[in-house]
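In the form predicted on its own, a lone chain appears below as structure tokens.
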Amino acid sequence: MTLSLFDAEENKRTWQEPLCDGALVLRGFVLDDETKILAALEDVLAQSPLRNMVTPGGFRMSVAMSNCGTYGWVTDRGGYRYDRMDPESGNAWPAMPDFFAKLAQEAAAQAGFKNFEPDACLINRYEVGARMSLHQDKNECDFTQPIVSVSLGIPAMFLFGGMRREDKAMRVPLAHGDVVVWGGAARLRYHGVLAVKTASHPLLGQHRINLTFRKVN
């Protein structure tokens, strides 16, 4: 049986790329939902605008952040943590759109992690030159739940390392619509993003948006 031209083109847009046991990239996974995602994101950010948070050491992050869901990840002089309230407004974080959670659940299931129920969505905006240093996601209570990371906008080079900071990291190019899922044996691997290079995207200009879905409690 031969594939139709449409099927062949669709396969070019979406495919799975394993990284290691428990981690893979779903290429083009959210391309068909880009308009809906960006419209919902605009509404979320109108309630809790992006901001450049400060680390406990006093470093201003180059990545602008916000959150939606029951919990939001924050950092300040007091440390890294999850909080139910936006510290800038004093209000609860905006609700996570239902279809955000559904996309994250579908991506997790594709990677073999069923029954994922994210209660936090971290929203990161990278401008040209912004980066994220190698780190572990370990403020959550249940490490049996995966991380689901959605890329939108200009390309980025994702670093996916080992269980120690000094382990050599893989360099994984990510494009608009790609989703990375890691859990199980890979759940506590170090990861980060190299400084974003100059580029332009028709919907997001010179920005990259990353949505990271997690189960906090």
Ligand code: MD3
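Heads up: residue numbers just count along the shown sequence, starting at 1. It should be emphasised that the depicted structure is a prediction, and the values quoted were computed from it without experimental measurement.
There is another form of this protein, the form predicted together with the named molecule, and it is not shown here; the text below is about that form.
With the partner omitted from this view, the residue of R81, R84, H135, R77 that lies near the named molecule in the model of the complex is H135 [heavy atom within 4.5 Å].
This chain is drawn without the named molecule; in the model of the complex, the residue among W93, F100, F113, Y126 with a heavy atom within 4.5 Å of it is Y126. By the criterion of a heavy atom within 4.5 Å, W182 is counted among the residues contacting the named molecule in the model of the complex.
Within this chain, S149 lines the site of the named molecule in the model of the complex, having a heavy atom no more than 4.5 Å away. R189 belongs to the set of residues with a heavy atom inside 4.5 Å of the named molecule in the model of the complex. Contact annotation: R214 falls within 4.5 Å of the named molecule in the model of the complex, judged by heavy atom distances. Of the stretches 36-44, 49-57, 165-173, 152-160, only 152-160 has residues with a heavy atom within 4.5 Å of the named molecule in the model of the complex.
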